[in-house]
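What follows is one chain in structure tokens, specifically the form predicted on its own.
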């Protein structure tokens, strides 16, 4: 699903350099990423998703060299292939929770917003405990509820790759377990792989493999 080779990335201030000699994620595999703050975990997810582009190296996702795509094609590829749970949620305040969940369908011509997609959004919202809040806007939701909207949006297209940046970070222990169950259930249903950044070491036994990211980071704090 993911093949990274000789990847290098540096922010413009040059105080941070990420170098990943090699990393692979297999189809359907569930891998957790751990490491200190500033080690580049979120940066790697953004590179895999095509939000950032590397200065050198190659990132293949589902057989596509993401860095070689145009900006428009990267957005389309991301919306149709990758479900991304962002650390800051990245919800649109002018849209309702329902509209935020279905947003990938509105920006990607390859996706069809039909009754099946709407029903799936409703079912995911119910599974996440926000089925009664779909008509509210993000500003009327708690932080935990906003996080659940972001998770539903990442899952609604049944992506082949789920990237999760602290998806359970603001949830209580029972909710963390339920959300992780949902992520894994949806991944299994779609035949998707999961790559998840987490600081919660209690969740690590749930994953098939754990990657310590400290080895990939060079330079001062980012």
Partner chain sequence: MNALYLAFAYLRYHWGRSVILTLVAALILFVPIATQILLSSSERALVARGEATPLLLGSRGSQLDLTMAALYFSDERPDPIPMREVEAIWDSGLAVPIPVHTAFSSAGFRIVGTTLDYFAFRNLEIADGRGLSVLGDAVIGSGVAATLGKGIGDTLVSAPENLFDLDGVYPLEMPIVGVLAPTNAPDDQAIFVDIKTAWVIQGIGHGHEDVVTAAQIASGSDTVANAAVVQYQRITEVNIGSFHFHGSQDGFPTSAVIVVPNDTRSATILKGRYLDTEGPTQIVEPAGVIQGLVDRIFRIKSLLDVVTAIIAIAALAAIGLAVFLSYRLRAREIATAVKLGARRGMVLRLLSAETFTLLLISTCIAAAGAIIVSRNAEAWVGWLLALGS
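Residue numbers count along the first chain shown, from 1. This structure is a prediction, so every number in the text was calculated from the model and none was measured. For clarity, a rigid core is taken as the largest C-alpha set superposing within 1.5 Å between two forms.
Keep in mind that the form predicted together with the partner chain is not shown, yet the notes after this line are about it.
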Listed residue that, although the partner chain is not shown, lies within 4.5 Å of it in the model of the complex (heavy atoms), from 69, 51, 31, 34: 51
Partner-proximal stretch of 171-179, 43-51, 56-64, 188-196 relative to the partner chain in the model of the complex, 4.5 angstroms, heavy atom: 43-51
In the model of the complex, residue 131 touching the partner chain (heavy atom, 4.5 Å): no
Partner proximity in the model of the complex: residue 88 to the partner chain, non-hydrogen atom cutoff 4.5 Å: yes
is_contact(residue 114, the partner chain) in the model of the complex, heavy atom dist at most 4.5 Å: no
Interface membership of residue 92, the partner chain in the model of the complex, 4.5 Å heavy atom rule: yes
Contact check for 84, 107 and 139 against the partner chain in the model of the complex, heavy atom at 4.5 Å: yes
Residues within 4.5 Å of the partner chain in the model of the complex, restricted to 64-82 and counted by heavy atom: 71, 72, 75, 78, 79
Post core alignment: residue 82 C-alpha displaced by 2 Å or more between this form and the one not shown: no
